[in-house]
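Only one chain is given next, in structure tokens, and it is the form predicted on its own.
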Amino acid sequence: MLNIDLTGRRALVTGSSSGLGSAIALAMADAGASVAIHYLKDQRAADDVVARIRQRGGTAQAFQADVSVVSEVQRLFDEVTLAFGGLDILVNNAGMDGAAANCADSDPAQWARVLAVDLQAPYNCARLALKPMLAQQRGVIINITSVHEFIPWSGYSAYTSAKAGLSMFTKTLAQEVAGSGVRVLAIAPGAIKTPINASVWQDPKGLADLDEKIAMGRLGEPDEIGRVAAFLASDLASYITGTSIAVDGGMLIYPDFRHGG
């Protein structure tokens, strides 16, 4: 039997007070990792995730920071290191899609904010995570991108640009550290049933339209992303680095073409 075993590993999952982040954190904890739950504003939600992990026999603690700010990331890593004694796994999950606006009508400040959260922040965190990982010759960095690293999305040019950039950052970073025992990967989720897109999947017409874009005909569940993240962080994935794993129910195989062109 193959078991995902992260016993003794220490993980930081950014943006893990809800949605995909909390599912990833729970999966890591279930596999035996001690997990740092990161949040920006909602401490109660972060504390709830910590409580759920502890109720299941795991180890977790909540930490606050704006990961788009270099000084706050330094404080975050100092606090996590003090609490856990080091870091073995980083999941750059915190992100935002921003307000919908075509480029000609967009707000430069809003565009820059999406890039700061979705691309600058993963760099900020990866830069500090690499220091202990390289020293111990072991570690895994997982960047959460999106199917929109591949698929254009009108009205969301900042988001798609950031996710495509994060994909190339993943590959470049993996190339830089490939001989060091550190692996760097990306997970590209498709449409996942989380609170952030509830307005779509709670609307029958919106859900039907979305399902048509997915070959498997349904939205994914957060724990389906969590399990993939736990697997990729484990030694079972020891020969995987520098690539994006699409977890999208077949969105990237263009289901509209299943009956021909």
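As the structure is a computational prediction, the values presented were derived from the model and not from experiment. The first residue of the shown sequence is 1; numbering continues from there.
From this point on, the text means the form predicted together with beta-D-glucopyranose (BGC), which you will not see here.
Visitor: With the partner left out here, if you bring back beta-D-glucopyranose (BGC) in the model of the complex, are 63, 70 and 123 all within 4.5 Å of it by some heavy atom?
Guide: No: none of 63, 70 and 123 comes within 4.5 Å of beta-D-glucopyranose (BGC) in the model of the complex.
Visitor: Within 4.5 Å of beta-D-glucopyranose (BGC) in the model of the complex, heavy atoms considered, which of 114, 191, 173, 185?
Guide: Checking each option against beta-D-glucopyranose (BGC) in the model of the complex, the one that comes within 4.5 Å is 191.
Visitor: Tell me, please, which stretch of 144 to 152, 77 to 85, 126 to 134, 99 to 107 lies within 4.5 angstroms of beta-D-glucopyranose (BGC) in the model of the complex when heavy atoms are compared?
Guide: Of the options given, it is 144 to 152.
Visitor: Should residue 251 be counted as a contact of beta-D-glucopyranose (BGC) in the model of the complex, where contact means heavy atoms within 4.5 Å?
Guide: Heavy-atom contact with beta-D-glucopyranose (BGC) at 4.5 Å: present for residue 251.
Visitor: Is residue 59 close to beta-D-glucopyranose (BGC) in the model of the complex, meaning a heavy atom pair under 4.5 Å apart or at it?
Guide: Output for residue 59 is no: heavy atoms all beyond 4.5 Å of beta-D-glucopyranose (BGC).
Visitor: Report yes if any heavy atom of residue 196 sits within 4.5 Å of a heavy atom of beta-D-glucopyranose (BGC) in the model of the complex; otherwise report no.
Guide: Flag for residue 196 set to yes.
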